[in-house]
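Take a look at this single chain in structure tokens; it is the form predicted alone.
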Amino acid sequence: MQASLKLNTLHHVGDVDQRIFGGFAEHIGRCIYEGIYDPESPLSNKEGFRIDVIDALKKLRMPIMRYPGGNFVSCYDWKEGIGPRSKRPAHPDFAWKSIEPNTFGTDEFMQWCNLAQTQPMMAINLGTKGAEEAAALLEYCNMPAGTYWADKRAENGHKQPYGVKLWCLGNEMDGPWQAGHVPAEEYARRADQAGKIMRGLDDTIELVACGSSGRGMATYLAYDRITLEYCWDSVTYVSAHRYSQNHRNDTAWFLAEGVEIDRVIEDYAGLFTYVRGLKRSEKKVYLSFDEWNVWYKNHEADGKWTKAPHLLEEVYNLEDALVCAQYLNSFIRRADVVKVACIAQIVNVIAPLLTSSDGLLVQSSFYPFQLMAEHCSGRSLAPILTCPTYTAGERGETPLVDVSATLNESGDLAVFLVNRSQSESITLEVSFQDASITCISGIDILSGNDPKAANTWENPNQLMPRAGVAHLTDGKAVVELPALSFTALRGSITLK
């Protein structure tokens, strides 16, 4: 089969914000304990941080890390997680029915972020706490010594402020499962009050308001609209969450997931434009897609009141990795709307990494993320794609190829492609209307014959990228996209 991709250096939607390659670390299951923090493991440093996990995450180049939740944050008292560990109380966690020992808290997280070369994206508790506690945490993290909570930070061995710039005003506050969930009108008041005080203490921070918990919720967009109308002047972002599922075991339907992701982003783009017009405002608000992933195989969420229970430890296969690539393609294509995104989560819990006490397993979803985070830079080019379609159930006729492309000021081109076909390879020609492709600097392909194939502890390298081949002809690149594949193509251009 044949396909073509036409690009133009002048047709773009703006610069890609590298924060779309963010991560999420919540106190759930074995994400924190036995994941990023495991003093008993021989693979940990003297502070108890798993060095193999840190080294793997560095390859993903995550510029931000959302913490500490998630559902966990809505019952969390951050004050219990600071100071001498011997004096920190254990606490029952309402969200995941687990025991939280509080041996890893705010200061440990900041130290870990430094080692992992990422920046903290802190969430505050607006479920069972409020503006006063939020302001205290902001003071602890960002204010210079000389006030009560800033002095507490100094007493705990951290004289200099952490300077956290990105803050989430709660989590999924429209969800009945959320501790302290409330109607939009009440949440908007809480968020606005907390936000105004926090920005009063540090006017350099950016705030993320809770959006609806998902497109399937009855509150979808209405919750967001009410919140935005009330908090427009306080916030910079609204959060969106989505977890993709294939309960029906229909690969063709599942691989059209990118169509649904695009629709969610388009919904929010329209909402932002509407409220901006309603406010007659020059300001813009953007999307923080701060929970996204494939999640449907493991829904064990009852920790049975134990520490670090094995919860939500999803095994990812080839088709899951191709859906994850489509999330990132959508974020890149809509760089004008999506400025922040966080894969949920980073280790053990619905994550690209799994740990044992003495080992690390890299899952299929790790590789598209790694390649895109490494090579995506500059402007998001508007793709003009001509390719065959296929019928994806009720999702209708869907292009067999999903694509995004970026170009930086040095002329470095990156094109990211998913071939949704389960049986046919596609020969794709990439060309520019106003430039010539002069060099192919690299091509990596993740593919396989079985959409259910997955890396295992027994066979950890079953799914790994391999080098591909592309040809240059008259300033155009021609690349073969295998069936069921993700391809990362890099090159350089010269303007005509």
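For every residue, the number given is its place in the sequence shown, counted from 1. This structure is a prediction, so every number in the text was calculated from the model and none was measured.
The same protein also has a form predicted together with alpha-L-arabinofuranose (AHR), omitted here; what follows describes it.
Among the candidate residues His241, Arg334, Lys129, Arg153, which is the single one with a non-hydrogen atom no more than 4.5 Å from alpha-L-arabinofuranose (AHR) in the model of the complex?
So the residue touching alpha-L-arabinofuranose (AHR) in the model of the complex, by this definition, is His241.
Which pick from Asp224, Glu319, Glu257, Glu172 sits with a heavy atom within 4.5 Å of alpha-L-arabinofuranose (AHR) in the model of the complex?
It is Glu172 that has a heavy atom within 4.5 Å of the partner.
Report the stretch among 192-200, 343-351, 275-283, 415-423 that approaches alpha-L-arabinofuranose (AHR) in the model of the complex to within 4.5 Å, counting heavy atoms only.
Only one stretch qualifies here: 343-351.
Can you tell me whether Trp295 touches alpha-L-arabinofuranose (AHR)? I mean in the model of the complex, with a 4.5 angstroms heavy atom cut-off.
Trp295: yes, in contact with alpha-L-arabinofuranose (AHR) in the model of the complex.
Find out whether any non-hydrogen atom of Phe366 is located within 4.5 angstroms of alpha-L-arabinofuranose (AHR) in the model of the complex, and reply yes or no.
Result no; Phe366 lies far from alpha-L-arabinofuranose (AHR) in the model of the complex.
Hey, in the model of the complex, does Phe24 get a heavy atom within 4.5 angstroms of alpha-L-arabinofuranose (AHR)?
Taking the distances in the model of the complex, the answer for Phe24 is yes, it comes within 4.5 Å of alpha-L-arabinofuranose (AHR).
So in the model of the complex, does any heavy atom of Gly35 sit within 4.5 Å of alpha-L-arabinofuranose (AHR)?
Gly35 lies outside the contact set for alpha-L-arabinofuranose (AHR).
At a 4.5 angstroms cut-off on non-hydrogen atoms, which residues of 84-119 are near alpha-L-arabinofuranose (AHR) in the model of the complex? List them in order.
Contacts from 84-119: just Trp96.
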